[in-house]
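This document opens with one chain alone, in structure tokens, the form predicted on its own.
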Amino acid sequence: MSTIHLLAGGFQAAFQFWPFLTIVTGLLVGVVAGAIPGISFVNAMAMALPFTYVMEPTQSMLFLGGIYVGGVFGGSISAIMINVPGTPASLPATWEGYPMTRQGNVKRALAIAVTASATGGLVSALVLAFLSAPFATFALRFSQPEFFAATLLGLVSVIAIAKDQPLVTMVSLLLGIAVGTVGVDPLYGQARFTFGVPEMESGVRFVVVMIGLFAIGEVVDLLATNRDLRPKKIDGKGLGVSFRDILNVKGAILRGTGLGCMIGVIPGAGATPGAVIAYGVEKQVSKRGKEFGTGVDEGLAAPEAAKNATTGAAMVPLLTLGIPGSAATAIMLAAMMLHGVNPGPLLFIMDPSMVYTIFAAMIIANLLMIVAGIGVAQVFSTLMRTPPAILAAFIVVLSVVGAYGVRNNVFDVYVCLAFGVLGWGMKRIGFPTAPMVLGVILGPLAERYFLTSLANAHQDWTVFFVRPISATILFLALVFVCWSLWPALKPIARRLLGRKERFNV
């Protein structure tokens, strides 16, 4: 069947009452969670993950996908209105959106933001729908060595993206991989790193780690810093925006959308690099580049389009290779695995209805986001008046219930709380937590593919290099590692060369 017919079937399934209600509910949850600083849509997805157990596999993906789409935009509401980004990707919105609010143009800023976000997300969803199948067809040529190489590329891509802190990011990633090794060896059945604790023999669940790092860690930081999230009074009702104003920033929206789609496909990238890069590029190409930071429409439109354009693009490697393109898609990967669904090229053959229903849901969610975003913005000031202590207590209760529900085990609650304290400590010292989560998820996958490849090749290590696809991917991984670590290693190399020259003299 052609992509058009399959997508039409996906729309028919998505517009059924319960699936459509699931999409709308997830979208509203995502917008609200993204708009409230201290929660963020990733935290909301992590807390919602255990509750997807009672859903069908497709319904759980529609729910999490709605949270993903709505949450990426929702963070810009608080960024524009109170200068507090609800998510890291919404940081550029504070640079241009909040100055517009101070000028009395809050409605204009919100209208430009939601239009740019919806456009970027819609284009990204169409890219997902029409390019995933050809990508999956190519991926059918993959075997265990290729899957190991692709998973390894996903791991090192995390380091490559964090060029400002490559060594710290690599340490966080390796710590996550180490946590993922706790339990029983997948090939030989030997317990490792259990320290005599029977509960640890079944491993540390990545769901529990995510809830601890993202949800509990943020709550502890919120209470420790005693941040007041309640909005300040804004003078002026704000000016509206016309269709002509939107057309004037179409170039910025298109550039941001293109950059977001390209960056989103890179495993480990996500919305934050897309938004920041789009803002920097737009500042260079815009005629008003010198005015950026004072409330320029193009400076707001470009990063808003880019960060939502990463949503659909990040799901391409997830569905075709089983490699999450961001922390949010890592949670969606966890949901699929919890339901016994293995993402990859075979999914497009074994269950195309599920795949194209997800595609249709992403398109629907981005179209509905305009209404949802404007509606949530209207009531945002009321929601933000909730005292931080009550908000934190609500998050902790949901997190504890969710962690316990993973295996109905109190030990998982203790692990969740421990990782929550660890996440707070990492946040306080500027240690990134997202690489650790990706390491916990991708580390065991890489180990399994590695050991299976060696077993099938009779312990011949050259199997990874004699196959063209795996060799090419491993070469790209090596390039990514060298490219990302060189800025940090360059001063060391200079000092070593300087000592050698003095010694020769």
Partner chain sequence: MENRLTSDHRTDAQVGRAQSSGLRVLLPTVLPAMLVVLGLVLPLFMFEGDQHPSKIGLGPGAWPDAILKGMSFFAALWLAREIWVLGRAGRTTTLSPPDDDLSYSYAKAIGGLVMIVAYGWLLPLTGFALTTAAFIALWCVFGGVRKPLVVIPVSLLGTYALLWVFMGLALMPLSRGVGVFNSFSIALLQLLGIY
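The term rigid core refers to the most C-alpha atoms you can superpose between the two forms while keeping them within 1.5 Å. Predicted model, so just to flag it, every value in this text is computed and none were measured. Numbering follows the first chain given and starts at 1.
Another form, the form predicted together with the partner chain, is not on view; read the next lines as being about it.
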Taking the partner chain as it sits in the predicted bound form, is Phe292 in contact with it (heavy atom to heavy atom, 4.5 Å or less)? no
Indicate whether Leu454 is a 4.5 Å heavy atom neighbour of the partner chain in the predicted bound form. yes
Can you work out whether Leu49 and the partner chain are in contact in the predicted bound form, taking contact to mean some heavy atom pair no more than 4.5 Å apart? no
At the 4.5 Å heavy atom threshold, is Asp221 in contact with the partner chain in the predicted bound form? yes
Options 22-30, 445-453, 469-477, 52-60; stretch whose heavy atom lies within 4.5 Å of the partner chain in the predicted bound form: 445-453
Give me the residue from Pro352, Gly104, Gly375, Pro387 that has a heavy atom within 4.5 Å of the partner chain in the predicted bound form. Pro387
Of the residues Arg192, Arg141, Arg288, Lys250, which one places a heavy atom within 4.5 Å of the partner chain in the predicted bound form? Arg192
For the three residues Val168, Val396 and Asn408, verify that every one has a non-hydrogen atom within 4.5 Å of the partner chain in the predicted bound form; reply yes or no. yes
Across 174-203, the residues having a non-hydrogen atom within 4.5 Å of the partner chain in the predicted bound form turn out to be Leu174, Leu175, Ile177, Ala178, Thr181, Asp185, Tyr188, Gln190, Ala191, Arg192, Phe193, Thr194, Phe195, Gly196
Core-superposed C-alpha of Gly295 shifting 2 Å or more between the shown form and the other one: no
Look at Lys427 and decide if its Cα position differs by 2 Å or more between the shown form and the other one after superposing on the rigid core. yes
Tell me, please, whether between the shown form and the other one the C-alpha of Gly439 is shifted by 2 Å or more, with the rigid core used for superposition. yes
Comparison of CA distance in the predicted bound form with shown form for Ser90, Leu175, at least 3 Å: closer
Just to spell it out: taking the C-alpha atom of Met332 and the C-alpha atom of Leu175, is that distance smaller or larger in the predicted bound form than in the structure shown here, given it changes by 3 Å or more? farther
